[in-house]
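We've got the same protein chain twice here, in two forms, each standing alone as structure tokens: structure 1 and structure 2.
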Structure 1
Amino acid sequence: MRIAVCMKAVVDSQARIELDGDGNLRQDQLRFEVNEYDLYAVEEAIRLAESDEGHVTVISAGTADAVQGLRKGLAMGAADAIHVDCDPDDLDASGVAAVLAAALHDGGYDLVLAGVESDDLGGSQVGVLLAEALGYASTTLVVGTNEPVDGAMQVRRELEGGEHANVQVQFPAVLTIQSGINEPRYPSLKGIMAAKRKDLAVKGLADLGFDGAPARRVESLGLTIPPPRELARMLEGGAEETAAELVRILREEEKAL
């Protein structure tokens, strides 16, 4: 089984987000890390590959920040990596899907896995649009996989409300992976040292047949930080008094009771 896993460098969730006057992210203080959902996808791919001597390729479209994630994927056990060298700010979700599809389309993959969404922009689009661009089947929010049988796989999807649905998907297919499907391994020290001996191919947009970045059809107009919420309200008085007031607020003002 040949499996590709899409990875994205996202803004470190611990980083302090600051906007400049025009609503743009101040880039100078940003640090990037691997999108956490993608680590579940890498782990799932490696487990599937381990059980049938498969091959896992990790791929990321982005600047040099993307390489760190690819190295982590290699250290966890992927066999090789593709870095599509481009500025992700030039691309909307369909553009990212188009460049990933161009890099993957003649790879003969049975499965392409991607995190269900990114930790920063959270669009949940690239996986599905990539399936469309490749002409593959797709299913989303996958929380369980099974051994493939006759070019198809039964997978478990998470539904709204927490119920699960079992679906059968024909290969080739794109699955978007929900968190909690597995527990991603720590890359071992040997894995980290072996990663640098693995093939990490760098491809520019021109190598993939693009004349410049595919035009954005969805444009970001700027970011805003929601206004700070009202501070917590402190209730004064003795226990009986404050309890009564709390019940009144929950019942009358918040309609919570």
Structure 2
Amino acid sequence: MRIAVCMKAVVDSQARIELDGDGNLRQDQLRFEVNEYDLYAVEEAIRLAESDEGHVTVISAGTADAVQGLRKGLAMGAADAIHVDCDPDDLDASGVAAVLAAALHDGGYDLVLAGVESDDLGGSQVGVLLAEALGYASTTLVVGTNEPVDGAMQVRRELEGGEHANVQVQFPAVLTIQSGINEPRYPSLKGIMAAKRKDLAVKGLADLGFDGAPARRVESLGLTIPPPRELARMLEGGAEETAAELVRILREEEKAL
């Protein structure tokens, strides 16, 4: 079984976000890390490969910031990696899907796994758009997989209200992986050292047949910092007094009751 896993470099949630005088994001203070949902996808791919003598490829579209994530995927157990060298700011979700599809098109993959969403944008679009671009079946919000049988796999999907559904998906297919499906492994020292020595397959947009970045379907009009929140209100007095005042505030001022 050949499995590809899509990974993304996202801004560290602890990084300081600032805009310059022109309203553009300041890049000099940003730190990047691997998208958390993608680590669950990598772990699931490796587990499936280990049970079926499979082959796992990790792929990421982005600048040099994406390389760290690919190295981590290799250290966890992926066999090889593809870095599509491009500026992610030039791509919307459809553009990312088009670029990844072009890179994966001739790989003969049975499964393509991706995190259900990214930590930064949270659009949950790239996985299903990638399936459409590849012409693969797709299943989203996967929280469980089973060993493949005769070119198909039973997967468990998370639904609303805490419900779940068991679905059979035919290969080739794209699965978007939900958090909690597994516990991503920590790369071993041996895996980390081996990952450093592995060469990445680097492809530019021209190598994939693109004359520049794919046309955007979504345009960003601008960035603004959210206005500061009002200061908290401290209620003083005994338990009954503060409880009564809290109810009054919620009912009369906030209209929440």
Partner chain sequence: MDWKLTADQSMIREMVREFADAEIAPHAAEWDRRKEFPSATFEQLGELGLFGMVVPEEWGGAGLDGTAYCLALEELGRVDASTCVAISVTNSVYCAPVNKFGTDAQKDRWLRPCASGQWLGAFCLSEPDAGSDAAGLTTRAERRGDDYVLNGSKAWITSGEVCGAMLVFAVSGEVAGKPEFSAFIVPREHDGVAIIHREEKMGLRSSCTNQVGFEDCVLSSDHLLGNEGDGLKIALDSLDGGRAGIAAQSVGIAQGAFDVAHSYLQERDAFGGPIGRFEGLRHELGRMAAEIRAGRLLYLRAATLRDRGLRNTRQAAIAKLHASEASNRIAYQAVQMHGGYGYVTDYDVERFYRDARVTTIYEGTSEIQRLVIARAVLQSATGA
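Superpose the two forms; the largest set of C-alphas matching within 1.5 Å is the rigid core. Along the sequence of structure 1, residues get numbers from 1 upward. Treat the numbers as computed from the prediction; the structure is a model and nothing was measured.
- Shown as structure 2 is the form predicted alone, with the alternative form given as structure 1.
- Within the set M193, R16, A206, G123, R16 is the hinge position, where C-alpha fit passes from one rigid part to the other between structures 1 and 2.
- Rigid-body rotation of the smaller part against the larger part between structures 1 and 2 amounts to 18 degrees, from C-alpha fits.
- Core-based alignment between structures 1 and 2 gives a C-alpha movement of 3.5 Å at T224.
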